[in-house]
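Only one chain is included here, represented as structure tokens and corresponding to the form predicted alone.
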Amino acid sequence: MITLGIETTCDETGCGIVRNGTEILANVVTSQIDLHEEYGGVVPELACRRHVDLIIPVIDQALSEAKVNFQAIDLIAVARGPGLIGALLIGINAAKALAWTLKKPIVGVNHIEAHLYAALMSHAHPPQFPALGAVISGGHTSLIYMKDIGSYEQIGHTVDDAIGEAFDKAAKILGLPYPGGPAIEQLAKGGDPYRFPLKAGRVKSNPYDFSFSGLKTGVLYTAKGQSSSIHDTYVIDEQGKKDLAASFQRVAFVDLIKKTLSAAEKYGCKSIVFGGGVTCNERLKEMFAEAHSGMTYYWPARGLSLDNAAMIAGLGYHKFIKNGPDTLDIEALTRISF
């Protein structure tokens, strides 16, 4: 079965074509970094306009790279949420138009779930279930108890900023470009990760919830002085910026690692499945390895870590096999609970 997947949850326009849920025939992603970098984050209205311009060319390119035509497509899969409502609607309406015109079945896919499936697509052998899922991206930070593909229970999430969002905001404070994750990682290589005593937030109601807003504020006050604003001048020098980037990165990752490993142990998981753009950070992978947890880690391939449509198509195949098609009246959901 050949599935065409569409991804437009935020600022990447993607079309993926996947055979039988795992064999990627094409995975075309067009980023909008050039559009949003001057603002230090995604501007929803601008993102939607770019999706409108790109959706048809991206679909055409994916078909060309996969060397298939529309008649060869058996299933249409689309990310229905969570995400920006306007962006989601563009992808969903494109998918509906294809399904109706081609008389093909359609399925809506949970974008967060697809990030976890991206790691499964990246390995020849599936993890031992139950497994713990860790979604760490610019829009999401969640710990998910994975009973099987399609059977999940969310056990922790961020109560404010996602970890990738915190990296973006910390980078903006330090005068670094958007997206902030790669810039922070690079700057941190020259810094002392123990110089500044930053702290991650604690959520008393749930030990597996995250809070990164206070950590971000700690970066601001360290860089520009107590009770300062982002427009104030720096009170640290260039080496101080490197040390602050390293300290921020270490504290954020220690918090993530501690809660992830604790949750995996409590829920009897032997494998941890990672998803989301923050998985690109090599220092994070090193710190998980240094923890010597005895867990088996499933990291997504680099091409599947950021928002993409191959993961939408792959998971859509499994959803269709298990539950059958959705109807053409599926709606966009800015939030989806497990």
Ligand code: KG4
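As the structure is a computational prediction, the values presented were derived from the model and not from experiment. Residue indices: 1-based, along the sequence shown.
The next section is about a form of this same protein that is not shown, the form predicted in complex with the named molecule.
In short, of 190-198, 235-243, 130-138, 208-216 it is 130-138 that has heavy atoms within 4.5 Å of the named molecule in the predicted complex. Interface residue remark: residue 278 is counted as part of the site for the named molecule in the predicted complex, having a heavy atom within 4.5 Å. The closest heavy atom approach of residue 80 to the named molecule in the predicted complex falls outside 4.5 Å. With a 4.5 Å cutoff on heavy atoms, residue 168 counts as touching the named molecule in the predicted complex.
Although the partner is absent here, residue 27 is not a contact residue: none of its heavy atoms lies within 4.5 angstroms of the named molecule in the predicted complex.
The contact residue chosen from 182, 175, 150, 126 relative to the named molecule in the predicted complex is 182, the criterion being a non-hydrogen atom within 4.5 angstroms. Distance criterion of 4.5 Å from any heavy atom to the named molecule in the predicted complex singles out 306 from the list 63, 48, 295, 306.
Looking at 15-45, no residue comes within 4.5 Å of the named molecule in the predicted complex, counting any heavy atom.
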